[in-house]
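Just one chain is shown here, as structure tokens, and it is the form predicted on its own.
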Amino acid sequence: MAIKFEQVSFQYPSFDGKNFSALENINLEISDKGEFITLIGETGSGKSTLVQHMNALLRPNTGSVTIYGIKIEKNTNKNKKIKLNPLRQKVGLVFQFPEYQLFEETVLKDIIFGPKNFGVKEDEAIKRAKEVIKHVGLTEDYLGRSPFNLSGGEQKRVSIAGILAMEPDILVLDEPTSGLDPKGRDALLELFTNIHKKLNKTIIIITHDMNTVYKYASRVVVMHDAKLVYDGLPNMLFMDENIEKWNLDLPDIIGITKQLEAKLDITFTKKPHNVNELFELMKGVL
């Protein structure tokens, strides 16, 4: 197991002297290969705090997070001796706003900054940049451009390329499709799917979009009031009691299916993932 949370709790200090609990007794295991995980929950439920523990940007107040065999616990003298760079190279984190991660004068310099910081020679870093820029759906022409003259979608792709150039095994993305139109959102999600399949990396996406969860995820983790309340398959998540209890929306296709079932007084034997599947189900009952 690449990442293992064991009874992890974390609190942020507040101005009134009372700590705000962001994580409570989290137990979670994540593999470094073959997983496509969506992490969902209401705003303030603990999602971003959880992923920041995955590469030791935050340390638990109680419990431990083991990352590739290195146990991270509350700040102690022992923990200060742990070298975090190797862990952060294996678990790449892309923040919600790409402009926070872009700061160099050219796309090339931005992409090679991370690998060079981890000791990769410049020639090798440039070679990686030329490879990963293609993986994110851009051409080598972008390497000479300023990252600040790119569109929001292009900036997101460059920030992802910069993480990929460090060759992580796990790629964690915080709301990567926020602010994009449907076409841009779908293009980026197909990009993550290709990275997942072709490079055999585990992908973890924080999202509020239930359509993304239902269509792309092989596993869903739900946070609610700082607790991990669900860890399982997408199709089992969208039951009426879960939706109401955790204030989640239904994916569009499930919402349409439920309306048809109610109107026609039928029950489909399985739930469709897209309009074509729904059409085939309809042909079987009409």
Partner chain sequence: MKNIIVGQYIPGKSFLYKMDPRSKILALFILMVSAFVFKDITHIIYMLLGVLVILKIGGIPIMRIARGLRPIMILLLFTFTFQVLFIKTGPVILDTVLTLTTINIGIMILAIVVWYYTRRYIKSKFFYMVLVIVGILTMLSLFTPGTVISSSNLTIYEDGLLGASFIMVRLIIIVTLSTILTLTTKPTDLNLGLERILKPLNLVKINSEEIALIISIALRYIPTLLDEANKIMLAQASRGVDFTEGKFKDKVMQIISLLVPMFIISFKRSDDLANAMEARSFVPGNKRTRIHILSWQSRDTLVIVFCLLVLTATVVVRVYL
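If you're wondering where the values come from, they're calculated on a predicted model, not measured in any experiment. Residue numbers count along the first chain shown, from 1.
Keep in mind that the form predicted in complex with its partner chain is missing from the display, and what follows is about it.
- Heavy atoms of K83 reach within 4.5 Å of its partner chain in the predicted complex, making it an interface residue.
- Put simply, T177 is far from its partner chain in the predicted complex: not one heavy atom of it is within 4.5 Å.
- For D209, no non-hydrogen atom is located within 4.5 Å of its partner chain in the predicted complex, even though that partner is not displayed.
- In the predicted complex, its partner chain sits within 4.5 Å of a heavy atom belonging to Q101.
- With its partner chain omitted here, the record of contacts in the predicted complex names 86 to 94 of 86 to 94, 184 to 192, 212 to 220, 124 to 132, defined by a heavy atom within 4.5 Å.
- Proximity of L57, F118 and I163 to its partner chain in the predicted complex is complete: all three residues have a non-hydrogen atom within 4.5 angstroms.
- Of the candidates T66, N61, S31, Q52, Q52 is the one whose heavy atoms come within 4.5 Å of its partner chain in the predicted complex; the others do not.
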